[in-house]
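One chain follows as structure tokens, the form predicted on its own.
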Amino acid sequence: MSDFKRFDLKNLDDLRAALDQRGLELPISNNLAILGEKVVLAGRTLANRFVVQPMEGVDGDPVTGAPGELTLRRYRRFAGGGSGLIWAESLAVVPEGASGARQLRVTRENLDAYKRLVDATRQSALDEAGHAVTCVVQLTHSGRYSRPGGVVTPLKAQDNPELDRALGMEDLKPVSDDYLMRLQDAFVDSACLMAQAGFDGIDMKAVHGYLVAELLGARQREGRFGGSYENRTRFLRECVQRMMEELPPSCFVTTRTTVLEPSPWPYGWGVAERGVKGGQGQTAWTLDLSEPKRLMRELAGMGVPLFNVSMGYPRFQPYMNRPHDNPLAGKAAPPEYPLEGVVRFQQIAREMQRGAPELPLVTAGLAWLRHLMPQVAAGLVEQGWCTLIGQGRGAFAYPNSVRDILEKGLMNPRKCCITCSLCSQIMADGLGRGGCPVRDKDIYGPELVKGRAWAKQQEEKR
């Protein structure tokens, strides 16, 4: 790994020099027209190759779980900014699976609020961007990171010594198979409600160490949902199958799924045994995408029309899925030059895309490139590394970036995300509502200040 260094690239020549200096590879192309190409997906036609990724705004009603006014504002801005697909943030399907007091939640009582959200999103796309937009919604259970009502109340899928020690969960028992069977019902019921709300697609979230993702690596778990590959992927596959059977034909099912949960063997996903003993008798891991590729192909065979990838545990290795310049408060700087993280993410996405070239794949992790992102994105698509380009933090900071790229052929450096992690800081603090305190400071600057003050009070109490 190279020494950490903040972004200082002025142009594509600087980017090429930085790649060459470190022996890294990223495709670069000035053919930005390729990013404006239409993509056929599940009987729909996306207006372009851009996707707004699911970034939590933690701005739901803490009592009802319904979207609030800032939620509506965010999605209007996302849709008006020009992306062809809006991948709405994770909605908790059961109260105990919420990541915080303001996470959006699915209930029968707040269905009308989600209908208004979808209608407002679609209208903004038509009014501002001049095209229809496809809307996908992500369903989740936060597992180890559950904080219903703001109270830390974890639920885990398996014993994992490394994570258990880091999170103080050594004495916590994994959830039962009976609980998981009931949870399947909650996922399917929530999917049906969101189809009624008007979403085009439902995402079974399986990333970043949350409950469904943790099951994928549960080799040490006993019972119906652990041990063999078939058992570990059962929950996800069965939920997808049941959703497909119960949803109307107009609503498709997809998944944002991890391809690398990097825990020491025999834990984790997308890993293989390296054979080197580590602490606590654990064995080091090495990257092995054979199981993630197998799962992707199986889901495609079931009728899943696209695949959205991510990797890593953001609370422990945020540099893996969101390369950044500034860490969260009190955390260490990334252990590598962020460009290395950008390249790693894209190369792993390339391997996944090659595993099922007919299946549209969404990549991410490009925000660190700032105004140089469009040419890299064009190169990724041109060279077949991916099909669709996802923006998460970048959409928070610069919601109309897609229109600037496609209409002007560039991004304004003064509007780009600066990968300062402040949007993530708001989420981590657990009180403020999330957005970009730098580019949207009138609204989110006070939210950051409020959350930081509250978090420091909690630290002092401990």
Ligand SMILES: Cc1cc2nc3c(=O)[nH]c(=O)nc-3n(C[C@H](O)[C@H](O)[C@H](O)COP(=O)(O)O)c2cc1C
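Quick caveat: nothing in here was measured; it's all calculated off a predicted structure. One rule holds for the numbers: they count along the sequence shown, beginning at 1.
Omitted from view is the form predicted in complex with the ligand, to which the following refers.
- Comparing 83 to 91, 285 to 293, 260 to 268, 243 to 251 against the ligand in the predicted complex, the single stretch with non-hydrogen atoms within 4.5 angstroms of it is 83 to 91.
- Taking the partner from elsewhere, residue 392 is found to have a heavy atom lying within 4.5 Å of the ligand in the predicted complex.
- The ligand in the predicted complex comes within 4.5 Å of no heavy atom belonging to residue 304.
- Contact between residue 427 and the ligand in the predicted complex is found at the 4.5 Å heavy atom cutoff.
- The closest heavy atom approach of residue 54 to the ligand in the predicted complex falls within 4.5 Å.
- When the ligand is considered in the predicted complex, only one residue from 97, 209, 217, 365 comes within 4.5 Å through any heavy atom, namely 365.
- Residue 321 is the only one of 233, 110, 321, 134 with a heavy atom lying within 4.5 Å of the ligand in the predicted complex.
- Proximity of 138, 396 and 423 to the ligand in the predicted complex is complete: all three residues have a non-hydrogen atom within 4.5 angstroms.
- Annotation for 149 to 171: no interface residues with the ligand in the predicted complex [heavy atom within 4.5 Å].
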